[in-house]
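First, one chain by itself: the form predicted on its own, in structure tokens.
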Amino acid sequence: MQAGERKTLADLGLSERLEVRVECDLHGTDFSAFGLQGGKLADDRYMVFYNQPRSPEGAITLRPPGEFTFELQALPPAVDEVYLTATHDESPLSNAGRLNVSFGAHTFDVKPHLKAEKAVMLLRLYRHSGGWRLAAVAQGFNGGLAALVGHFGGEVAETANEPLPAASAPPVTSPVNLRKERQRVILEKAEREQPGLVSLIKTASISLEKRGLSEAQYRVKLILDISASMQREYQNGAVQKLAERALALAARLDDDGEVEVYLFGVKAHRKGALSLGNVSGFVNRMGVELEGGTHYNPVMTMLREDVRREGFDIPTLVLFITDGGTSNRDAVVRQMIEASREPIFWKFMGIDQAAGKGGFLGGLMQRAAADSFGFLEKLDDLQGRMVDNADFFSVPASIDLPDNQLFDSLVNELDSWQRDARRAGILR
């Protein structure tokens, strides 16, 4: 079959007892089936995946990794379509060497139709004129599972969808909260692959809950200073620890559980996504080459361009880590004023290299830090913005702040910005 093609099961020589096999060589790909009512997942028992491999009456079953059996005649009448999907936590599915769906004597090659999608609808089974049809879909979403769920009903965590009629199906459970389900899956993955991050994720959760942000959803971006004065922080592992804490925060805020990483010195650099699968040794693998300057403006421009391409449907939290001031401060001020109309909150963390140092050199470093951090404080209190879109705090160069204090500082004022941004129409 080809993408977009639709046929009755009879035309394909298939019965309403249908065996479907998905083959994909990209490790970590998950396969799911969604039984929908009017385009919405009204009952979480009809989301069949590796943690729930069977619908209530057994009409949909999964034998991991990707063998599905559909007993379509056994589905309650209110389930009028079923989507077979593939998702990946970290990588676009186009990175797979193959992604094929086989049913009967037919095969659908999905890979040629993919670009940057991390969630893809493979097949659609749907009722039509008293029978069932099959459609080859090959459409997806760069945003992963969250965007997929939005397609299946819009409101991921809040909507109270209508349950399946009592006469058609067993009594239903409470409406599905796929965002919480996704967070649970991320936490389980951390327990399997990065157990050292589990306590960090739970500590980050507490800081968010204290701010009333337990249901908040943000893309998380990490911007790291690579000026020469940061050499010790890269060598002693302090930057790696910061990256791990940024990832722990993203595990609660971002449905993909990933952090896009940027570097800046004189120039700006994209370094890809930090995830549970690659966090160990991530900073060392970046191969950082320190640069002889500190320029905020290029990396801020790069990040804002990326956010525009991704879309403003989900706000962005930027963790901006630096130990110094910037050249061309007027350009940075303009950036912050312009960005105040965008759903981006900038968290500036200053690393104080002068902390605890005495003598003449220490005095020079303290004066430099005061000047640099004075500018960051200015950005925090900048006039002329639509809303206050930034916060600043500093830490000693050792960056050995207790985790709970660090997370509290990283989410400080995020709640007030969210409230003001909604009032101003920046957030929906």
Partner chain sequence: MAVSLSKGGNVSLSKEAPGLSAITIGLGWDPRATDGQAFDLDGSVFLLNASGKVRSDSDFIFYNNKASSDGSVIHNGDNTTGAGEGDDETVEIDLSKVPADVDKIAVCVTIHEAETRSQNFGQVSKAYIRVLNKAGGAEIARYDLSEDASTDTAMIFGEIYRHGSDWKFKAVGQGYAGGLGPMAKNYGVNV
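This is a predicted model, so every value here is computed, not measured. C-alpha atoms forming the largest set that superposes within 1.5 Å between two forms make up the rigid core. Numbering follows the first chain given and starts at 1.
Keep in mind the form predicted in complex with the partner chain is missing from the figure; the text below concerns it.
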*Identify which of Q335, S94, Q240, N142 has a heavy atom within 4.5 Å of the partner chain in the predicted complex; exactly one of them does.*
N142
*Could you spot which one of H151, K267, R270, K111 gets a heavy atom to within 4.5 Å of the partner chain in the predicted complex?*
H151
_Stretch from 308 to 316, 211 to 219, 72 to 80, 342 to 350 whose residues place a heavy atom within 4.5 Å of the partner chain in the predicted complex_ = 211 to 219
*Would L427 sit within 4.5 Å of the partner chain in the predicted complex, counting heavy atoms only?*
no
*Exercise: L290 in contact with the partner chain in the predicted complex, heavy atom 4.5 Å*: no
*Decide whether R192 counts as a contact residue for the partner chain in the predicted complex under a heavy atom distance cut-off of 4.5 Å.*
no
*in the predicted complex, does Y234 have a heavy atom within 4.5 Å of the partner chain?*
no
*For the stretch 1 to 35, return the residues whose heavy atoms include at least one within 4.5 Å of the partner chain in the predicted complex, in the order they occur.*
Q2, A3, G4, E5, R6
*Using a rigid core alignment, state whether the CA of Q139 is displaced by 2 Å or more between the shown form and the other one.*
yes
_Is_shifted I226 between the shown form and the other one (CA, 2 Å cut-off, rigid core)_ = no
*Taking the rigid core as the reference frame, is the Cα of H128 displaced by 2 Å or more between the shown form and the other one?*
yes
_Residue pair D306, T85 - Cα distance in the predicted complex, closer or farther (3 Å or more)_ = farther
*asked:* Thinking of the 3 angstroms or more shift, are the C-alphas of M286 and A116 brought closer or pushed farther apart in the predicted complex than in this view?
replied: farther
